[in-house]
Ligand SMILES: Cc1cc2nc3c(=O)[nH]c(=O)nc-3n(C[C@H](O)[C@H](O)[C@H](O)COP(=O)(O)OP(=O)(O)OC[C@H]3O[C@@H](n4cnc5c(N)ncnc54)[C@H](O)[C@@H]3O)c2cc1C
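Given as structure tokens, the chain that follows is alone and in the form predicted alone.
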Amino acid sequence: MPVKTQISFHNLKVAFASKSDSELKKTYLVFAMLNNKLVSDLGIALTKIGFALKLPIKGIMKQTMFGHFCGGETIAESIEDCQILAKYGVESILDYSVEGKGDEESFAKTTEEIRLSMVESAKTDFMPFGVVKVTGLGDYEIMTKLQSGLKLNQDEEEAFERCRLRLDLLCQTAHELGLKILIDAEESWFQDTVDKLTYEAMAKYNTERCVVYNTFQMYRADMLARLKDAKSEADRTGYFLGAKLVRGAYMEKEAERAEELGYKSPIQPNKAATDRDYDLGVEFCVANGVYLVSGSHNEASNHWVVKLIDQYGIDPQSDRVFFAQLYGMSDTISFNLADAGYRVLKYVPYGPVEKVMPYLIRRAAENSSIAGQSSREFELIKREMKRRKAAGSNQ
């Protein structure tokens, strides 16, 4: 596919090509709700009540919020949505988004579900990654205790070893299937523990190709330095470094804990500092042979990565650089990048409707609270509906 280095993220025909007129109308209704914080908050509250009372609201959810932000309830259902994305050059990552009970049974079940999702992904040519959140595999309190330097008792040591083995199993599965695997970021008070497990896996599985990727949250003031240190250690030890860069997901929680416990917040002083370090981080990765997944919904950041790919002569169809966005969000970025010849991933969450509610609530809150997020999406959808009406077709 020919690559276009000059990309517009405002080509609506490309951005919404995968949606029929009726699907676009459903999307309009979802973002109309999200664009009104009062309505959005009320909808979330009523949905929680509905599930608590076991009311028959599952069908409504599948036609609205769940249907828009999730691929399906099962792996098979979700792959059907991924096949549609693939027709437009967009690749997918199945993301099991059920928050377990935090016990050994749920950890084992989550591990097996992620393993199965990778087995099915490997049967396609458009699902190159698995993804795992280590807190889905083991007790974060044990991870926190380890990071704080406290000694684990025997039960805790055995539980942590089971967590380590679960993560190793998933990384080994990715390695054997020819896939890659993303390790999600966590809160700062146990991120060091997650990092240690991740770099152990890299040293084991990233010697011949880049299989395991760590996630770097650039809203942390120390993260650019940590990224550079990780590359130095990879070079010293002799493995490929895989890095997914994001701005971050736990800002409020981080600030609250720092204030409560009386330590300096690890978060950047302002958004400008986060943006600066994000751009410096992706440039460091591209310039220094780090395998990069750029996870951003920011147009300027995506333009910057496109420019870097061109500047450093990287094949846009290689596995050196991927772009990534969430399913149901920023299609103007994802589909236009894919149309221009770049490798683009969509995180496609899945799981039983009632069990994915915490994820959906976060998405709703994020879209209604981030300045302009839902209004931008809503405005673009309205413009596309107007364009189609004028053209008399969705083509």
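All figures in this text were calculated on a predicted structure; none of them were measured in a lab. Start at 1 with the first residue shown and count on from there.
The same protein also exists as the form predicted together with the ligand; that form is not shown, yet it is the one meant from here on.
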- With the partner removed from view, which of 99-107, 154-162, 173-181, 239-247 is the stretch that lies within 4.5 Å of the ligand in the predicted bound form, judged by heavy atom distances? 239-247
- Message: Quick one: S18, S92 and F126 and the ligand in the predicted bound form, is every residue within 4.5 Å by at least one heavy atom?
- Response: no
- Query: Of the options S117, N206, Q217, S78, which one has a non-hydrogen atom that comes within 4.5 Å of the ligand in the predicted bound form?
  - Reply: Q217
- What is the one choice in T135, S188, S121, Q268 with a heavy atom within 4.5 Å of the ligand in the predicted bound form? Q268
- Looking in the predicted bound form, any heavy atom of A324 within 4.5 Å of the ligand? yes
- Task: May I ask you to check whether G295 falls inside a 4.5 Å heavy atom distance of the ligand in the predicted bound form?
- Result: yes
- Query: Is there any non-hydrogen atom of T111 lying within 4.5 Å of the ligand in the predicted bound form?
  - Reply: no
- Message: Even though the partner isn't displayed, in the predicted bound form is L280 close enough to the ligand, meaning a heavy atom within 4.5 Å?
- Response: no
